[in-house]
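In the form predicted on its own, a lone chain appears below as structure tokens.
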């Protein structure tokens, strides 16, 4: 049976949950769907059921408040559902706890968040190497350390959040390796200071790191990770302001885990598969949908919000989600213009207030072309299909002009992750090899299934009598 509703919201992070609440409060019948067991997304992730964290930070408290409001609402919450198919006008098929499920509504809000970016280096596929976002899942949802002795490396403020989280749970941070030098962070202080509450949270992380006397290498990047069958050490070296390796002494750290990340990439599969217009924005993490100020895409009754529309962070995403929910309710004639304008004004102001801080953080996490250019030929770029940088270059030299042609030549992006891990870097490599702007090489053509699901989940249950048989052709 297909669950009919006024509005479907896909993704229960801060953006999707706020969108669902705003639309529901305006009178729409709303279904909120997410793969996770509860609302909160990555930033405000809920701990596992039955797990009580000994100490809560601002993100955990914000997540608890969001989940409490959702529990008190009329929103139909469908968690633990893996949506694998999406169709026009708008139908979602999902793998649920009891088998296949279907949902349909005349309006859809896509709030599918972001996925992390790791620029490949030799050894990044070794067991023990984990993304910064993956490490936060272990720390926030499961209270588990990523390793006994961890190197934390990459770019952006998530470095300090993960390092502080490891220290708070009694782990050892062998070193923090930041691609930015101290001057770069000093230049960002005016933007960060525009949100003193968030700056204060960052200073708290820094204070705990200083207290633990963790070695901090500013202006350094990972050169390679080594180990026979699993990670045993990480070798780092100086990088320039653009992320390219620079002259200087390499350093080695023994460890059993490396938490590494180089920013986030918008998870915009839904607007792409429905053929909404997109454009490339390096600051915001990649290709993002064209939106009006309220989250309307170029497809009628399709809305998008949150980090899937450009990297901004949890709190701006919540404001953008509320705008999308209000817009859906207004377009469904559940709000008059005066009420809509009054309610939307609050969220528009919140977005404007967060923008300087969000732009500063996004700039710290933006992809650095010089870092990509320094990937060595033998380094694996697509870890699902073991495609190296040299194979991507060879495909371009053989005539692959865009990201999809390169995919056909090499199988890059054809694995279980469907290019989520490698796509951004692979497209940058194609653009650099061709010597053209990044937007000329495009993005993966989206196809179902959106997520890997068992085949019997896709076909459901049926009998031979259910199979339509056309009448025989007349002789």
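Everything quoted here is computed from the prediction, not taken from an experiment. Positions refer to the first chain, counted from 1.
Another form, the form predicted together with a small molecule, is not on view; read the next lines as being about it.
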item	value
Triplet 289, 367 and 434 all within 4.5 Å of the small molecule in the predicted complex via a heavy atom	no
Contact of residue 428 with the small molecule in the predicted complex (heavy atom, 4.5 Å)	no
Partner proximity in the predicted complex: residue 12 to the small molecule, non-hydrogen atom cutoff 4.5 Å	yes
Residue 371, heavy atom within 4.5 angstroms of the small molecule in the predicted complex	no
The small molecule contact at residue 297 in the predicted complex, heavy atom, 4.5 Å	no
Among 281-289, 396-404, 164-172, 135-143, the region lying within 4.5 Å of the small molecule in the predicted complex by heavy atom distance	135-143
Heavy atom within 4.5 Å of the small molecule in the predicted complex - the one residue of 358, 105, 264, 302 that qualifies	264
Contacting member of 188, 81, 272, 334, with respect to the small molecule in the predicted complex [4.5 Å, heavy atom]	81
